[in-house]
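Coming up is one lone chain in structure tokens, specifically the form predicted on its own.
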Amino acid sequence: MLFNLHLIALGLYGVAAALALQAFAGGRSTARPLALAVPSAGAAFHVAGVAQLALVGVAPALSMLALFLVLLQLVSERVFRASAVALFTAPLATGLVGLALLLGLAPGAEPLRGGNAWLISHITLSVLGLALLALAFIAAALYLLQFRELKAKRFGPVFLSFPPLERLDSLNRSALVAGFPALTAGVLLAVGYTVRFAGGIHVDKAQVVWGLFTWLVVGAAVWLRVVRHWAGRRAAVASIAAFAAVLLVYLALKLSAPGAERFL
């Protein structure tokens, strides 16, 4: 059942990605109800699948990250009317679910138990913070693409499909401002869990390094936006740099100590 639920979600996310790419490529524009219904249906099956996961290891984290990306895609469409976000989130979610299945989301995975509430909350909030950082990166990338089109006075598929610059800038700011508290709560829960159950868990030093680094990077990006009042193009560049730094450090740590049994 676990595998089948993820497989159905994978198929629906693939359809959502095809619809988004078709509209951008100059094909027939997808009706908004259909563009929302397909990923929503995929997310419903995905939620049922994630509810059966034991959130330990890379594969479950990838599955949850994909789910949050799709949910944030739906929120972006409804709140910011930023349907262009699906150009990134839909293919990315499809790839993440597919990779999670390849890494071992098997029907025999144990379901979550209430005794691990702290650990579950830590992982959920941390992955949500990463998904919001990814959304900030996507909004920034869309902003720079739209800015380039406007500067060159090209009014092709990019200009017609993308939201106004002000809306993309607002989405970028909102994602960063929401992502930092989620990551902060995730870090605090990890510290609390480690202190409370210090005798029964193994602390992964690489995971601690990456978690703290990610928190500092996102905090710096939020500081630039909120305190220094960065906006527009330089805020977009800062968001892309922050996401790239987090991803590169993750890859470096993963390559130095590989293992699919850990979140990192």
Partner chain sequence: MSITVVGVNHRTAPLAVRERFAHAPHEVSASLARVLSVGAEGGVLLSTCNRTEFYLSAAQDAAPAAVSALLADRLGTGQPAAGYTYTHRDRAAVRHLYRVSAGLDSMILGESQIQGQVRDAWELSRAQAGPVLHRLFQSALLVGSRVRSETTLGAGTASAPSAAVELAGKIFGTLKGKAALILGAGDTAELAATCLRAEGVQVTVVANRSIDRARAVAERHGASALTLDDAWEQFAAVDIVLCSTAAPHTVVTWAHVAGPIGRRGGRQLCILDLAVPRDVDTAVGQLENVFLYDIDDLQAVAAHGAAQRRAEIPKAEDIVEQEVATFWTWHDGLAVVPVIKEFRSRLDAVRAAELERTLKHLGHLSLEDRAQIERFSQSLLNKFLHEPTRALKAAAENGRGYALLEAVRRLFGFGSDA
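Positions refer to the first chain, counted from 1. Bear in mind that the values here come from a model prediction, so they are computed numbers and not experimental data.
Omitted from view is the form predicted together with the partner chain, to which the following refers.
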Point to revise | Touches the partner chain in the predicted bound form: residue 181 (any heavy atom, 4.5 Å) | key: no
Original post:
Does the partner chain get within 4.5 angstroms of any non-hydrogen atom of residue 80 in the predicted bound form?
Top reply: no
message: Although the partner isn't part of this model, could you tell me whether residue 233 comes within 4.5 Å of the partner chain in the predicted bound form, counting any heavy atom of the residue?
response: yes
With heavy atoms only and a cut-off of 4.5 Å, decide whether residue 160 touches the partner chain in the predicted bound form.
-> yes
From 141, 165, 185, 75: within 4.5 Å of the partner chain in the predicted bound form by heavy atoms is 165
Heavy atom within 4.5 Å of the partner chain in the predicted bound form, from candidates 101, 125, 150, 189, belongs to 150
Note: the partner chain not shown here; in the predicted bound form, the stretch from 125-133, 93-101, 142-150, 173-181 having heavy atoms within 4.5 Å of it is 142-150
